[in-house]
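Read the single chain below, which is given as structure tokens and is the form predicted on its own.
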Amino acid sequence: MSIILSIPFLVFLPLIISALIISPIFTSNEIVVRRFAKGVCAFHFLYTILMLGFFNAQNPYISEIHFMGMDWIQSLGIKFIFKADSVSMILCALTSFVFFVAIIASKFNIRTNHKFYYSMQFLLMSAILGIFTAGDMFLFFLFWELEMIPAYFLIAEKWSEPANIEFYNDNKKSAIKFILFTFFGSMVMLLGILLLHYYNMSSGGTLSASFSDIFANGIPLKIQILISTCLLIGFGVKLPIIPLHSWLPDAHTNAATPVSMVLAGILLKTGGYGIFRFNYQLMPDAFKVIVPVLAILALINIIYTAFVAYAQIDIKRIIAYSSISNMGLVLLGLCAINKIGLSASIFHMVSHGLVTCGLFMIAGIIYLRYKDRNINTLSGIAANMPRLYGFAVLIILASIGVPLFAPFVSEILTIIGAMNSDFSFVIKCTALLSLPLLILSSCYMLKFLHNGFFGGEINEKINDISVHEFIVLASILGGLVLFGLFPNVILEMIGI
């Protein structure tokens, strides 16, 4: 099976498909392009599940690519090496699933320039998978930077209707804002990587950028804290951590529905993964020092953005701010520095990825039918679209942490992990103060449900969800129920 199950194949298949779709030799027929993209995504998802099924935590997938018998940049100890442990494989499976449902959701949401759109989606997929499986710091950074290119175009372009200059300018502004924030974070993060590479070599004598060869014990603690802070700024843009968050609501508001599903469902998780891989694993001593500050920032994420979400009237902005709030829980789980907290953090990445995909899909369906996302002007959706209403009720209940759904498990584990933390009293206080999140999330989500779905009847006939929309929502809901009833599917892989 080692010959068949290949990390480079998993990572580079979407890149090859992206190049094939955008090439002149590939057809421009919308139906052919869309069906080909769905077929490839289905195959990729099944391949990822196969790799997950044969995964052995004691023997993770490792693959190194040599160039003419040499390492990538041999003089600097930089290797083109991939390594997938249990956390990487879980997030790769989530990535493959999110892109699969986003491609299915593209049927009615994407109306123009199909070749370019699907090419950018596959390029972004390859970059994110590379981030999750990179075994070298500079290879990680390469994929981190590569992700900006397709993300920019996916946010900037108007995919659904004929060009509208005013709306297109809003899209471009949001995309440029995303690039500026990400580029600033990347430059600071690169400084941290360079410092870590240099001090690892000077203190330990190891000229290598591979994660397995980084030993921060010999690096002075003050230098570790400086490096850790630089890395946190880069990862904090993507997570995002307040005040590095303001790009996200604008990007979600203007991006097409499938793009929003990818941004919130998986792109934000690259920030949490980076903190885990670099700060949590490579420099635990420095991480323990800055944990109290991170815990306070996590609390601000959780509480402040929940209040901001309640004040929004645009469905997409409500979901965007709720995502920032939930990413605070991911950060809080990591701050606990124990197995329960780590498991809760990874589990919440998965559960939130599923929830936010479902919520953005619902928002997209509403906009397609009503051409409106203002919850104060929408009305009668429950009466006109009972199937959509049924899915909305269940997914919204999942998002607020009702038992039997995956977010309930991750939220409870986060609080338990933080309360059992041995490293800081601040963590325990933050956990107690975070409990109102359950109430606050209920408030803004139930406000969205009540104001958006109920009210006066609409005379015109509104079609309920189509077959492909049903498949997307049912798949997402199925995942939320599956992991809510059987959380050990994920927790045992992580170590609980």
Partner chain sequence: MLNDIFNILLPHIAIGEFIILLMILGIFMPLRQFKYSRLVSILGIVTAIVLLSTVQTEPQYFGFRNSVMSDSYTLLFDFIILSCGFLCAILSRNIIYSIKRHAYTYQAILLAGILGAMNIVSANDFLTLFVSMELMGFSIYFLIAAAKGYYSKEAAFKYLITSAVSSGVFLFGVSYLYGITGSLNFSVIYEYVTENETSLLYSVSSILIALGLISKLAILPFANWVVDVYKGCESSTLAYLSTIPKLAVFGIVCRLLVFPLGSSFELTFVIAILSLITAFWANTYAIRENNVKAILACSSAANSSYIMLAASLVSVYNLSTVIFYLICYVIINIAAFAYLNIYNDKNPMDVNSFAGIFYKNHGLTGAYAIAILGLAGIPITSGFIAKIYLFTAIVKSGLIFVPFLLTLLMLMVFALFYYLKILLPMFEKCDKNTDVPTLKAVFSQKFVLVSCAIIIILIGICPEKLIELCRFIAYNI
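This is a predicted model, so every value here is computed, not measured. Numbering follows the first chain given and starts at 1.
Just so you know, the form predicted in complex with its partner chain exists too; it's not on screen, but the next bit is about it.
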Give a yes or no on whether every one of 377, 393 and 477 sits within 4.5 angstroms of its partner chain in the model of the complex by heavy atom. no
184, 307, 108, 215: which sits within 4.5 Å of its partner chain in the model of the complex by any heavy atom? 184
Which residue, 404, 293, 419, 149, has a heavy atom that falls within 4.5 Å of its partner chain in the model of the complex? 149
Counting only non-hydrogen atoms, choose the one of 363-371, 85-93, 246-254, 71-79 that falls within 4.5 Å of its partner chain in the model of the complex. 71-79
Can you check whether residue 145 is within 4.5 Å of its partner chain in the model of the complex, heavy atom basis? yes
Partner proximity in the model of the complex: residue 281 to its partner chain, non-hydrogen atom cutoff 4.5 Å: no
Using 4.5 Å between non-hydrogen atoms, is residue 138 touching its partner chain in the model of the complex? yes
Is residue 100 near its partner chain? Define near as a heavy atom within 4.5 Å, in the model of the complex. no
Within 379-396, which residues come within 4.5 Å of its partner chain in the model of the complex, counting heavy atoms only? none
